[in-house]
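Presented below, as structure tokens, is a lone chain in the form predicted alone.
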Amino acid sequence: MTTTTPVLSARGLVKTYGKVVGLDGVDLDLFPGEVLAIIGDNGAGKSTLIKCLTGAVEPDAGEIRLDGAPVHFRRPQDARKAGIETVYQTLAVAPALDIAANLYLGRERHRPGPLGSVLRMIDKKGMRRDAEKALTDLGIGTLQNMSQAVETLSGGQRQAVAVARAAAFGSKVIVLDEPTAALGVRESQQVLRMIDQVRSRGLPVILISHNMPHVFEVADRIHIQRLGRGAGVITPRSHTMPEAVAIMTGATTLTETPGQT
């Protein structure tokens, strides 16, 4: 994996808010077809790092590369156009709209021919058909009616819609911010299975999570943030959960906890 060119990489990212240092020279690499978890205590810089990578904020210094080419995202729309889709903890879904309409929110398709080009009629039938396929491809069998309003869905089902939307349009990278934070055990497992499905399609995933068992279940590598800096990168095979927490909290360092070879 490490011999492959990263899909997304960052070098020396710096972001300050007055006297508060959000990021202090952070490096990151995301490789094809992997799940990279980002963990860290509150204030470690996880959110700031993700915002820099997805165009929500601009770093004060450093470089971001996509497929080896430098990129400069000034807003989230720039990152989305480049193929980076983000699912935030506060789901950006429209409760009153149905599943298909939410999947194509902001990307509505028009009907072919004059009905679409002249009258600007929405291709609802085609959107529902393709929405059903997108959910099926992710192994989501609990959502059968694409005309069902999202406000009638459970928390896990709403998360499934948001992830399916990201997977449908994210051609390069999918970023998931605490996707299981408000879910029960069963719904959390459904989200983790979706992450596996996305990875099996070759699409790399960045996963931000406080849930260490979930991180160790699905992540290929784990990037640890501490006090605005990268404290190291480990894997579920090289380190245990207690070791990861110790590095995250500063009880030890990666050098002092080299892990298993």
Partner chain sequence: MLGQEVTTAVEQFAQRRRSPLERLQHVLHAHPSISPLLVLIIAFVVFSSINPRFASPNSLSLVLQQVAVIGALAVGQTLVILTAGIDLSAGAVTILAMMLAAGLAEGGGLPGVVAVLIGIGVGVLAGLANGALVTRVGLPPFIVTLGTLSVFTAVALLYTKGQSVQATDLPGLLNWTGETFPVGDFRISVGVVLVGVLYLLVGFALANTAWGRHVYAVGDDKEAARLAGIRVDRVLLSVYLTAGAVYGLAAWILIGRAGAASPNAITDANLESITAVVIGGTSLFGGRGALVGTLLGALIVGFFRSGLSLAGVDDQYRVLAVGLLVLLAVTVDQWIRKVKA
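Residue numbers count along the first chain shown, from 1. So that the term is clear: the rigid core is the largest set of C-alpha atoms that superpose within 1.5 Å between two forms. All figures in this text were calculated on a predicted structure; none of them were measured in a lab.
The protein also exists as the form predicted together with the partner chain; that form is not presented, and the subsequent description refers to it.
Exactly one listed residue, out of A182, V71, L143, M121, brings a non-hydrogen atom to within 4.5 Å of the partner chain in the predicted bound form: M121. In summary, among the residues G83, G126, G139, P76, the only one with a non-hydrogen atom within 4.5 Å of the partner chain in the predicted bound form is P76.
Contact check for R65, F169 and A219: none of the three has a heavy atom within 4.5 Å of the partner chain in the predicted bound form. Put simply, G106 is close to the partner chain in the predicted bound form: some heavy atom of it is within 4.5 Å. With a 4.5 Å cutoff on heavy atoms, V173 does not count as touching the partner chain in the predicted bound form; it lies far away. Proximity of P95 to the partner chain in the predicted bound form falls within the 4.5 Å heavy atom cutoff. Using a 4.5 angstroms limit between non-hydrogen atoms, T152 touches the partner chain in the predicted bound form. With the core held fixed between the shown form and the other one, R109 has its Cα displaced by at least 2 Å. When the rigid core is held fixed, the Cα atom of I99 travels 2 angstroms or more between the shown form and the other one. Relative to the superposed core, I174 undergoes a Cα shift smaller than 2 Å between the shown form and the other one. The pair R201 and G155 is looser in the predicted bound form: their Cα-Cα distance rises by no less than 3 Å compared with this form.
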